[in-house]
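To begin, one chain is listed below as structure tokens, in the form predicted on its own.
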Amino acid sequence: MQLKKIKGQMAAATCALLQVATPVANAAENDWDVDTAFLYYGEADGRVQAAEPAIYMGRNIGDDDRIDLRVVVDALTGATPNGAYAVNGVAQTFTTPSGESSYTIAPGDTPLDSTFRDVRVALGADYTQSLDRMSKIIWGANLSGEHDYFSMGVSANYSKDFNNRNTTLSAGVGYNNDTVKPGGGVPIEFAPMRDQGASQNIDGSSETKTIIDFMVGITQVIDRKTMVQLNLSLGTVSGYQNDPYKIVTVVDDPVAGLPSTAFLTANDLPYVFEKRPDSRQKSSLFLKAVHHLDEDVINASYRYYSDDWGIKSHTLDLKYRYELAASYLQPHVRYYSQSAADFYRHNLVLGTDINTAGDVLVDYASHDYRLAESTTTTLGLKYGIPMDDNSEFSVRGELITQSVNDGAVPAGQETPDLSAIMLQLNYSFVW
């Protein structure tokens, strides 16, 4: 589950991790196309560090059918925000998810939980079945697991060519079933975090959620140098969607002057576990254009996303492949902006959002920075060189910066900006 925390930052990098960089001209029909990759992602200030080796293998198996296999391993260390905010002049102590230990944050520092370590292994397979000369269906399956999260899913994507193969229509569906098993158990929503060694506010050992996605799309060849693609995706998520490691700070009643501890019983701390809706409807529109100049290639895309949590986002992505004598350079620019979720809260206020009996008076609340209004900019450069007719080596580096808009919060309590680097090495060959 902890690996989900950096999904937003790594999404742009990992979406292209397992792709053969250049079609292999001399590959025999039954040879394996192999793409190996290693990705490093590191956030500044001692935050999340991730290492991800991966391997992809694919081959044709006759009659235009094909099989593709992939293995990805994620190893995660570092620290990540727990949902509380920095407080000037006061040290804060938090209990680990197991309840068996605690950690203290110095005054003015952003509360970061550095107690976790995690490894995820993901397996995937696709089978491309040719139905006739102009149509095919791709059957997919995926499986991944880590110590507190398990996911399994299947997918199917149908495509058909028209207009002398200049037009391709496609439609797909995917289904995933995920099981969350947090360390120490599933915290009770809006229940207070408790002291180290005390009986924790736990409601069972695991929860589940299901994810269903639909996609329809069209790809059109405009001329010999230009291609455009348009996809519409719809999805639904139902079940447990909280981050069990995230909390929200409760602050003093500004009217009655009651301290934030007035609602607590023995061994409770002035933080409550977050609560999110158990359903989510989402949609996205994706537009991509690829244009081949005399030698170079421009690749541009735009994605609009919205959901019923109130999040709307825009993603602009531009790559320019500049051909050198025997290699190439590919600068990359990506800009992402999103609005905040309707229930994103910097804190809960005693007397307004929660009463002295401990009853929370709002439906949902989370101070997860991934649900905040934010902008993220990525600047990168890739260098690739063919080793021979059947292999290629490439290296890619990117700098990622994120700025979160918390709104009108007191000075010193803002969510700090995030900066990260990403380095990816690829070697593709035929076996």
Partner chain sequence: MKWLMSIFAALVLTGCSSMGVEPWERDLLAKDSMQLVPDYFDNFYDEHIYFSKEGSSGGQGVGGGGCGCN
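Residue numbers count along the first chain shown, from 1. In this text, all values refer to a predicted model and were calculated from it rather than measured experimentally.
Keep in mind that the form predicted together with the partner chain is not shown, yet the notes after this line are about it.
Though the partner is left out of this view, Q402 does reach within 4.5 Å of the partner chain in the model of the complex, counting heavy atoms only. The partner chain is not shown here, and in the model of the complex it never comes within 4.5 Å of any heavy atom of R194. Residue contact with the partner chain in the model of the complex: D243 places a heavy atom within 4.5 Å of it. Although the partner is absent here, D223 is a contact residue: one of its heavy atoms lies within 4.5 angstroms of the partner chain in the model of the complex. Interface residue among N88, S102, T210, N166, judged by heavy atoms within 4.5 Å of the partner chain in the model of the complex: N166. Just one of A340, V186, V297, V360 comes within 4.5 Å of the partner chain in the model of the complex, counting any heavy atom, and that one is V297. The candidate stretches are 301 to 309, 94 to 102, 259 to 267, 346 to 354, and the one lying within 4.5 Å of the partner chain in the model of the complex by heavy atoms is 301 to 309. Taking a 4.5 Å heavy atom cutoff to the partner chain in the model of the complex, the contacting residues in 128 to 156 are N142, S144, E146, Y149, S151, S155, A156.
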